[in-house]
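Only one chain is shown below, in structure tokens, and it's the form predicted on its own.
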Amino acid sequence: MKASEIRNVACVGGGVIGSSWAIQYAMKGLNVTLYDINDEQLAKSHAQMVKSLDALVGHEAIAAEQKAEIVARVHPTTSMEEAVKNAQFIQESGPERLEIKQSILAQVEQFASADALYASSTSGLLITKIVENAAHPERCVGAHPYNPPHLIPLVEITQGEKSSDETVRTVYDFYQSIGKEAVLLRRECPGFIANRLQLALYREVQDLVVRGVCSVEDVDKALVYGPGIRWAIFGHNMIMQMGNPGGLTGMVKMLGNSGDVWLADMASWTHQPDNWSEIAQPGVDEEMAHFPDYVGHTNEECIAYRDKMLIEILKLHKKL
């Protein structure tokens, strides 16, 4: 099956991630079935989708009339058979527990077409473990999105030990065709790519605060208004490339070993501080209180502001 032939998608799991995936697919004109275990959860999923679409309308990322069209493309069901029987691509977004994901895959394989492709939204489990009891592990990959999937383009595709090269290529091409930016892990790796980068940075954030170098608020400001702005445009290798007339090679030669002094002073511990939340929460509360009113002073207000900014950044990237 070619990526261009995929028109019917099943989203298994209607939580925060599954609901967002459903919007992503429906926005691209695909037919979507959204499965969850009961009508109550499906009602929550519907409400979440409507809220997300209202934000897109409000920030002029989609037209108001498109909202109803997108919602109409998502067909909720509590029947696994109905959800996957006609699906060519299945996006699983169930709870992050190995036994649950294995159970979901077993149910899917009872009813899905033998050639349906299966992608797990797992944020940390290895796809090889998820599919160890599967009838068709060659058709399964890991596909970790960044939250919320309908706004953040990144999806990290993991090729398991039994994932076929053909499946990986088709899944990669499919995600690219719907506006995602797919990256491929050729070898399984705990934490994948982005979360490892994020955790490495966060370790230094924690260490700077714990050592009294700076406050929680100031380390966040330094990140947002320094490298964060550049990283929203290009990755670090490209930033190095543009930073010197000789490109990345010229930058490396210019810097030499000057960073060694910094590296020697940076955190290298492999266990995060047990009392980090006690240290950081008051700082986060203070940071939020200092935000201007147009950003907000509550989690809900800040999430709305985050989504607004994501939408504007995505418009600049021609992703919306």
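Don't overthink the numbering: it's just position in the shown sequence, from 1. Only a predicted model underlies this, so the values are computations on that prediction, with no experimental measurement involved.
This protein has a second form, the form predicted together with a small molecule, left out of what is shown; the following refers to that one.
### Task
Within 4.5 Å of the small molecule in the model of the complex, counting heavy atoms only, one of 166 to 174, 67 to 75, 200 to 208, 121 to 129 shows up; tell me which.
Looking at the other structure, the answer is 121 to 129.
#### Entry: Contact test in the model of the complex: Ile157 vs the small molecule, heavy atoms, 4.5 Å
No, Ile157 sits far enough from the small molecule in the model of the complex that none of its heavy atoms falls within 4.5 Å.
### Task
Answer with yes or no whether Val216 is in contact with the small molecule in the model of the complex, where contact means some heavy atom within 4.5 Å.
Output for Val216 is no: heavy atoms all beyond 4.5 Å of the small molecule.
### Query
Would Pro153 count as touching the small molecule in the model of the complex under a 4.5 Å heavy atom rule?
Heavy-atom contact with the small molecule at 4.5 Å: absent for Pro153.
### Query
Is there a heavy atom of Ala182 lying 4.5 Å or less from a heavy atom of the small molecule in the model of the complex?
The answer is no: Ala182 has no heavy atom within 4.5 Å of the small molecule.
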